[in-house]
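In structure tokens, the next block holds one chain alone, the form predicted on its own.
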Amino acid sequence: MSSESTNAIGANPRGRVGSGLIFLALVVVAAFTLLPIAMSLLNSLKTDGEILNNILSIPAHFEFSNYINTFRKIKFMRSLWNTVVVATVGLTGIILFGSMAGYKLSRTRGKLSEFLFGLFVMSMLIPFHSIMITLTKIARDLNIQGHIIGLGLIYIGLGVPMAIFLYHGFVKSIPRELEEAAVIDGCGEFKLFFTIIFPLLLPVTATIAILNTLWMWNDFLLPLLMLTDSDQYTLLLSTNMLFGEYGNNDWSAILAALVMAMLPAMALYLLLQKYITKGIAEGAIKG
């Protein structure tokens, strides 16, 4: 496009108005999305009286002691460790089994592969609430209920179908010539996958890591069903203990706990977002 055309578009009043309206709409959406986070942070620095009096007011005094007291109440480091263990076990299994199954199903042609892939896709349509009672009974029979490792294993089973779906589509963009050249050089199937194919799956792996980590980190219902010992509670379950009976809730501690539980997930998202953007850009350049 010539510089004259660019200047003509820039000088077009309708174009400027349209861009301004789009920008304004994006600002409104961003503010609407960030408002709950800002309100949680603001009210976590108030006393319970200030919160109940006016949730929109600025704190008269910033009560940083709320975080210190909440840190002790929910045994934050223990709860954080439990959450990290569950997410690590679940994410490792999802990426490992999902990538291998997605690659194999994508590269193997036949009705059996299509049928198995269809089963995995169909399982994504089943609501969790329709299977949670059965899942709880199976976990009890397998003696994994009440253990954070067992909870991580259940997350693997629930998260693998989506990972297979994403890996299956991404593998199709990888040239078969790379695999053929590696086989000619004497590369075995497992070595071929882990040394050549898997590094090329970085963009979709980052996407799967973000989605599943946020899902497991913020999940409340499944840990509530599977964990019975308070020493193995995740962050959200420990936060739930702050809710008292008959509406007697410690709101300053609850909001402080939610903010502390939210920060690691946000930091991980921002970190992996950088890598996924880099991976997609590199893939586009190499393509």
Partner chain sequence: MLAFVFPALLFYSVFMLAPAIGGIWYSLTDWNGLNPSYKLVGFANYIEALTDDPIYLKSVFFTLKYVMFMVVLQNAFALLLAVLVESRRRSKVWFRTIFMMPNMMSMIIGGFMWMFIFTKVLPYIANHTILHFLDRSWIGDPGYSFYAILIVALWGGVGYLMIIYIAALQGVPQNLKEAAAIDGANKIQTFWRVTLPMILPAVTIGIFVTLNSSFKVFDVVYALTGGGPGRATQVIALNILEEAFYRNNRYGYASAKAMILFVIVCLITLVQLRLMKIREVEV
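Numbering follows the first chain given and starts at 1. The term rigid core refers to the maximal set of C-alpha atoms that superpose within 1.5 Å between the two forms. The structure presented is a predicted model; accordingly, all values stated were derived computationally and were not measured.
Keep in mind the form predicted in complex with its partner chain is missing from the figure; the text below concerns it.
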Here the chain is shown alone; which of Ile144, Ala182, Ile174, Ala206 has a heavy atom within 4.5 Å of its partner chain in the predicted complex? Ile144
Hey, with its partner chain in the predicted complex, do Phe32, Met39 and Met262 all fall inside the 4.5 Å heavy atom range? yes
Is there any non-hydrogen atom of Trp251 lying within 4.5 Å of its partner chain in the predicted complex? yes
Is the gap between Phe198 and its partner chain in the predicted complex 4.5 Å or less for some heavy atom pair? no
Heavy atom of Arg72 within 4.5 Å of its partner chain in the predicted complex: no
Check whether Phe62 has any heavy atom within 4.5 Å of a heavy atom of its partner chain in the predicted complex, and answer yes or no. no
Using a 4.5 Å heavy atom cut-off, which stretch among 198 to 206, 156 to 164, 174 to 182, 72 to 80 contacts its partner chain in the predicted complex? 156 to 164
Using a 4.5 Å cut-off on heavy atoms, what residues in 34 to 58 are near its partner chain in the predicted complex? Leu34, Leu35, Pro36, Ile37, Met39, Ser40, Asn43, Ile51, Leu52, Asn53, Asn54, Ile55, Leu56
Look at Glu50 and decide if its Cα position differs by 2 Å or more between the shown form and the other one after superposing on the rigid core. yes
After superposing the rigid core, is the C-alpha displacement of Leu235 2 Å or more between the shown form and the other one? no
Would you say Asn218 moves between the shown form and the other one, meaning its CA shifts by 2 Å or more once the core is fitted? no
